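Form predicted on its own, single chain, as structure tokens, below.
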């Protein structure tokens, strides 16, 4: 297989690096072309493309990790216009499941295929090749591209038809947001009570309160370090998708509403690029 990777952000950059290390990456693209050029210069055999029309003829799999639904749909339309039967688009972005279905229809109408394959595991998971991939689409297509995905995944699960991956990610984001609320609130209380983080965190981590977010973000949030990890503005974007999905399904979304309000406040204060543990700012005593 020959791969192109579109979107070299905090997650996409390391993921593309793993594909390159496996000898499968032939081209990269990014909204900021200079970033694509820098990546290509650092990885032998990889070229930077400004548009999908410049993709090498050998490319048969395109992987995207972008920001918005419109970005994914634009990619699908541009790839469909290339009229290369058998071309597969794998999307690791977090978008609405309805948009994933639409992208699949575009790709399949052109003789290609589409997998919605959002990921979880954070920037560390991307760097270490330990992401969890929740995939929707045809199982044969997933089997075909599995050797690519294994380069940066600890777990790959076929969740069902196109859209099932994004629906799984929606559930994931409810849990991520809710856990962040609890951990940030608990850490703010611990801080106010004067507890020693070097004793507190290992103690909590050895019991029923143990969780990934506290282990990875507890020390940094207590040190007021919010520069690495998943940006809170992106979680806010994801939760807007989740809220619409929950409203359609008729389920409670009070945690989602609370998180949207809190992250909205932080964004208004200029903290949109902070890691989501910046939520502790709102939990501390005034």
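The structure displayed is predicted, hence computed values, not measured ones. Residue numbers count along the first chain shown, from 1.
The form predicted together with a further copy of the same chain is left out here; the points below concern that form.
For a residue to qualify, one of its non-hydrogen atoms must sit within 4.5 Å of a further copy of the same chain in the predicted complex; none of 43, 66 and 225 qualifies. Not displayed here, a further copy of the same chain is kept clear of residue 61 by more than 4.5 Å at the level of heavy atoms in the predicted complex. When a further copy of the same chain is considered in the predicted complex, residue 182 lines it closely, a heavy atom lying within 4.5 Å.
Within this chain, residue 256 lines the site of a further copy of the same chain in the predicted complex, having a heavy atom no more than 4.5 Å away. Using a 4.5 angstroms threshold between heavy atoms, residue 120 counts as touching a further copy of the same chain in the predicted complex. Proximity to a further copy of the same chain in the predicted complex, taken as heavy atoms within 4.5 Å, picks out 197-205 from the listed stretches 197-205, 109-117, 74-82, 142-150. Of the residues given (88, 126, 95, 134), 134 alone sits with a heavy atom within 4.5 Å of a further copy of the same chain in the predicted complex. Of all the residues from 84-118, none has a non-hydrogen atom no more than 4.5 Å from a further copy of the same chain in the predicted complex.
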